[in-house]
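Presented below, as structure tokens, is a lone chain in the form predicted alone.
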């Protein structure tokens, strides 16, 4: 016999812990592990107000940068597992172990929502002396250690894309570090760097505004959000063995957070990701919405870690083999 909706709600309420029944009864701290204006910042700040409306509480967002995102991650890992400190992060923690950056990864957290994934793009300052990916490679070869590449540190999107390029066409460039792609793209527009491997969603408005130029979509197909830009495999098909590949953005709670609080957060953010205004923003910026949680999200994270860690291992870019950490080869 099926329970009525009212009976189901009453049953769930009876099973709910006292802490969850009152949750949230104070502000929730949202730790963004990257700088303002970057992809993680844009995506998580855009979805959170819609989630707050469902949750009935306030999430105070703050950017805690440094250590390739590890400082923000450790801030959440060191906080109580009570649902009042959340991590708003990207893919980097899944590579901390193989890149020698830390001992924690997302297996130490509960995925509240893997919101979306992004498409990598290579952008350059508007007056850079090249307009296509082959022209960029030729210019770098003719002018070794003269082109400045922005980076967000080992394991970040720029480092993975640069490792892919170096695997097929070794480059001698100058790496300039930033705390996220937002600050790096600002540096690009100011002329501090020449090239930035970034996320399409973070760069698209500045590309359309002429403040930077697109060199190539690092993907196997044209992206509808920027259809005039060629995918890298159209000019350099050898990169097809690495692609498609891309970053992701998600919300995580410390492992040990009560299940009923996790359920409240999961439901709120799932609704937030479905909000029409958020969907419109993601579509316009070329992001692909995922909106997954629980076992599905854990499976995605495990597969992403396996694929990318071994990609970097084979490119000679890791400090330790993924096998050391029981990360299976795909």
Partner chain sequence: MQALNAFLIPILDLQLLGLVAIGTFAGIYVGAIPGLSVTMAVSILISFTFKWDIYPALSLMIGIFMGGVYGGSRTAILLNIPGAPAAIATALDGYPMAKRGEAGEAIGIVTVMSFFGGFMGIIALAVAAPLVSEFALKFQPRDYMLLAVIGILLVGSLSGDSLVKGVFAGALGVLIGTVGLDPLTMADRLTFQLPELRGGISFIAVMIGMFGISEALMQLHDVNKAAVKQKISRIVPSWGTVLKYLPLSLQSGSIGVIVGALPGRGGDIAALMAYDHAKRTTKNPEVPFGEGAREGLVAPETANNAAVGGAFIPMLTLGIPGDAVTAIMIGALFIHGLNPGPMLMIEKPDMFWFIVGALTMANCFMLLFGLTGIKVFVKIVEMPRSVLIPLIFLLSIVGAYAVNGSLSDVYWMLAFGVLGYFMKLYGYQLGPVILGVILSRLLDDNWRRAIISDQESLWLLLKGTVTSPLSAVLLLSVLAILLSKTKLWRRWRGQAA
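Just so it is clear, the model here is predicted, and its values are computed rather than measured. Numbering follows the first chain given and starts at 1.
Absent from the display: the form predicted together with its partner chain. The rest refers to it.
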Non-hydrogen atoms within 4.5 angstroms of its partner chain in the model of the complex: do 191, 205 and 208 all have one? yes
Given that its partner chain is left out here, which of 213, 254, 148, 117 has a heavy atom within 4.5 Å of it in the model of the complex? 148
In the model of the complex, the residue from 64, 273, 265, 297 with a non-hydrogen atom within 4.5 Å of its partner chain is 64
Per-stretch contact check against its partner chain in the model of the complex, the hit in 69-77, 225-233, 163-171, 109-117 (non-hydrogen atom, 4.5 angstroms): 69-77
So in the model of the complex, does residue 46 come within 4.5 Å of its partner chain, heavy atom to heavy atom? yes
4.5 Å heavy atom contact, residue 284 to its partner chain in the model of the complex: yes
For residue 289, is any heavy atom within 4.5 Å of its partner chain in the model of the complex, or not? no
Taking 4.5 angstroms as the cut-off for heavy atoms, does residue 138 touch its partner chain in the model of the complex? no
Sequence order please: the residues of 84-106 with a heavy atom within 4.5 Å of its partner chain in the model of the complex. 100, 101, 102
